[in-house]
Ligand SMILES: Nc1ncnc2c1ncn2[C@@H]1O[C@H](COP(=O)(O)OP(=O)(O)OP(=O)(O)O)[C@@H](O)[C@H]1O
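For reference, the chain that follows is the form predicted on its own, supplied as structure tokens.
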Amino acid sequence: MGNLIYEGKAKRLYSTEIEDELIQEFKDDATAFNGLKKDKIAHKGELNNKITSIIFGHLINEGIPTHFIKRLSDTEMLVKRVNIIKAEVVCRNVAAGSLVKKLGFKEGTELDPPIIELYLKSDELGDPLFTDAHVLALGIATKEELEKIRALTLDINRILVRFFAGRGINLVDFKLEFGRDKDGSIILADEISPDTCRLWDAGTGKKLDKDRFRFDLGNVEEAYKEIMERVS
């Protein structure tokens, strides 16, 4: 493994002998509420690496461009080097989380069409919700790039809703990150896992994601294992 070039709350990135490729390592660390709540979840890194590898592989087969190359080990994957766009994209199919807490939606309300939100990727500022106008004014992305990101998000949502539904899971909402590859093209990066999605059992409504950690619901590792088993 090469030099550590970045460490976030849930992952580390290392250089490789190939300039345009990195090793992405998943950690067992768990955080919530912008880092105010912290702990470790046993085997989380391994589970999220496997889940993300399966989902990214599926998305690639469906024509979605991503940074994923291959899974290297239990906790590591090989990815393309990208310049991350500092706008996190959240796609919501069902009302939950901040829609309920801040905007008064009733939890469980189906959203048709889905709601797409943008959040400034900034721990210092608390990842605030912001608009296309803010993105453009800050020089984070161009109008054309934003259009591409929204189109990709809707395509990914369509693919993943069907993917999870076939495994008895409702995809409530999820966060995506995009980056520019060496050619300047917009591609999907980061991860897709119970850390970044709200996943509810289609029959019982049981939460099978990081909300179990956020709100002390218990059985966090078991929920992640269940998702891994269902997507495998």
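Note that the coordinates shown come from a computational prediction; the quantities given were computed from them, not determined experimentally. All residue numbers are counted from 1 along the displayed sequence.
The protein also exists as the form predicted together with the ligand; that form is not presented, and the subsequent description refers to it.
Remark: of stretches 90-98, 151-159, 76-84, 129-137, the one touching the ligand in the predicted complex is 76-84 (heavy atom within 4.5 Å). Within 4.5 Å of the ligand in the predicted complex, a heavy atom is found for all three of L13, Q24 and D123. A residue is said to contact a partner when one of its heavy atoms sits within 4.5 Å of a partner heavy atom; K50 fails this definition for the ligand in the predicted complex, lying far away. Although the partner is absent here, G2 lies well away from the ligand in the predicted complex, with no heavy atom inside 4.5 Å.
Contact annotation: C197 falls outside 4.5 Å of the ligand in the predicted complex, judged by heavy atom distances. In the predicted complex, the ligand lies within 4.5 Å of some heavy atom of D190.
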